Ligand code: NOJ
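Just one chain is shown here, as structure tokens, and it is the form predicted on its own.
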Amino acid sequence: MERTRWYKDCVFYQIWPRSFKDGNGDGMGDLWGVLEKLDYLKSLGVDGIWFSPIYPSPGADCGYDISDYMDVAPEFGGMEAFRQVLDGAHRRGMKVVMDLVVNHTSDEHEWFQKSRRRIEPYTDYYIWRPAKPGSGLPNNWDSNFEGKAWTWDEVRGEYYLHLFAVKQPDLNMDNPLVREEVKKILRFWLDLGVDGFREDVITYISKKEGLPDDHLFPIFKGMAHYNHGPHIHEYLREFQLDVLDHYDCFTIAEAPLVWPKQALRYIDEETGQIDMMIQFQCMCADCLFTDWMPTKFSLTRLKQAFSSWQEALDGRAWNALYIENHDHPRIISRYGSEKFWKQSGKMLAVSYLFQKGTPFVYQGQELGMLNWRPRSPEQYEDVQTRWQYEHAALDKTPRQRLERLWRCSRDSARTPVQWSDARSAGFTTGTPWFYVNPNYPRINAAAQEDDPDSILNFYRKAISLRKSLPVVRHGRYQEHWKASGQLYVYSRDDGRQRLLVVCSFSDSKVLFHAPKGFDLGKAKLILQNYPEPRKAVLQPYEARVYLWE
């Protein structure tokens, strides 16, 4: 079967299942809740759903620690519910994409339990090393979540590598038997009818031979030896040729610390092994490398991230566009303004939805959901957040450390979706598994549904517009006023249509004049977030989209 590029015409919606919608009243989001909301997603203009993991899991990392790749967890409704969601989505013309998490498994996976007991053929399914004299640790690598990257296993009598949580041992992808297991997983879901995969930290799966100490990175020690490792392209090509090329599916790789030139080795349409890439640069406009190293927001840094990917990939590869997902705090609380909540929420939508690529909308983003600010660090669920509070920034007061969690924790993106002002935000009729943001009486879908000025209906209009304009699909991207620390202005041009997208990231008024060659008097203003825009002055967080035909 020839693989087509249908994903270029799609808008995807990411569902983090346990917080999307509870359909059976047990307090946990599930696939019955998704089934209930398929028409809502269709009304948003969504063409596809990306599910964060719905597999059986002990829950050490909210489902990213998988104990069975070929089943659906009972708390989400099992395979019966999944088949109904898959059929319901397909009937509505929507694709379904699964999360493929094969850098690591749960330590409760059958493979690990047999590997730690040296039961063949699983003995070398994971990365085991004996203790070294002195520290005992096989090398100096850090995990991304919980201290060092090695944990001693009493049963095996060796250390195992885990680049993330202690309960997430890394698979040994150099073992061909492990790669065959990955292919079985891919075939299982594709044969069931799913349309593709988001591949979790897939650029980490090949580690440097010998697992040497890392003397290059002051933080995240080891990353130089496992990110974009020696056999990464070989293994991805193997998955592509042996499985993916035999289905009309698509793949999108999550790739921390990747830049456009390097990304092209993965996603070049002639030579790559993956269709799109989730890069983190657009999430680093207010931090260094990671959300846990916050800095002052810099619009010029954000613009540089947006534009470098637009320009480098043009004509060679396809962009994945996003400003929120399950791994980052809410974007209005970061790049926008809670004071100018509605205006900045709409402006941020405009800032990325008219770029070239496939947009992803994260659950609750279309409602303008904000960061959560609990009163106690014990209320956080996320393994990374808990570790950060206990082990980082210890020179700060408990209050300052809690405020750091408010700013940095990805749990802000994991509070239940706010469907109404009813008890528990309409998420469940039972007791929710996690805390609901207390602002739900004001920010919820029901309140916005019939309000033509709502963020929800603005997203509907913006998505509809981008789908109706060929220039958004095909046009050349150009950034204007690059030096501005307040305005993000870019144009799209396909020779027949031209767009000018104007976004103010300022909380005060800003003077504006169109770039040379763009006569606003001859343009049609097709989208704005203020009712009566003033040509030469932008209001706080104002957004406009002009069209020339």
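It should be emphasised that the depicted structure is a prediction, and the values quoted were computed from it without experimental measurement. Numbers follow the displayed sequence, beginning with 1.
Just so you know, the form predicted together with this ligand exists too; it's not on screen, but the next bit is about it.
Name the single residue among 303, 330, 207, 104 that comes within 4.5 Å of this ligand in the predicted bound form, judging by heavy atoms. Exactly one residue meets the criterion: 104.
Between the options 326, 386, 407, 233, which residue brings a heavy atom to within 4.5 Å of this ligand in the predicted bound form? Of the candidates 326, 386, 407, 233, 326 is the one lying within 4.5 Å of this ligand in the predicted bound form.
In the predicted bound form, does every one of 145, 168 and 198 come within 4.5 Å of this ligand, counting any heavy atom? Per the other structure, all of 145, 168 and 198 touch this ligand.
Please pick out the stretch from 107-115, 307-315, 198-206, 447-455 that is in contact with this ligand in the predicted bound form, where contact means heavy atoms within 4.5 Å. So the stretch in question is 198-206.
Residue 254: touches this ligand in the predicted bound form, heavy atom cutoff 4.5 angstroms: Yes - in the predicted bound form, heavy atoms of residue 254 and this ligand come within 4.5 Å of each other.
Heavy atom of residue 61 within 4.5 Å of this ligand in the predicted bound form: Residue-level check for residue 61: yes, a contact with this ligand.
May I ask you to check whether residue 414 falls inside a 4.5 Å heavy atom distance of this ligand in the predicted bound form? Residue-level check for residue 414: yes, a contact with this ligand.
Considering only heavy atoms, tell me if residue 164 and this ligand come within 4.5 Å of each other in the predicted bound form. Yes.
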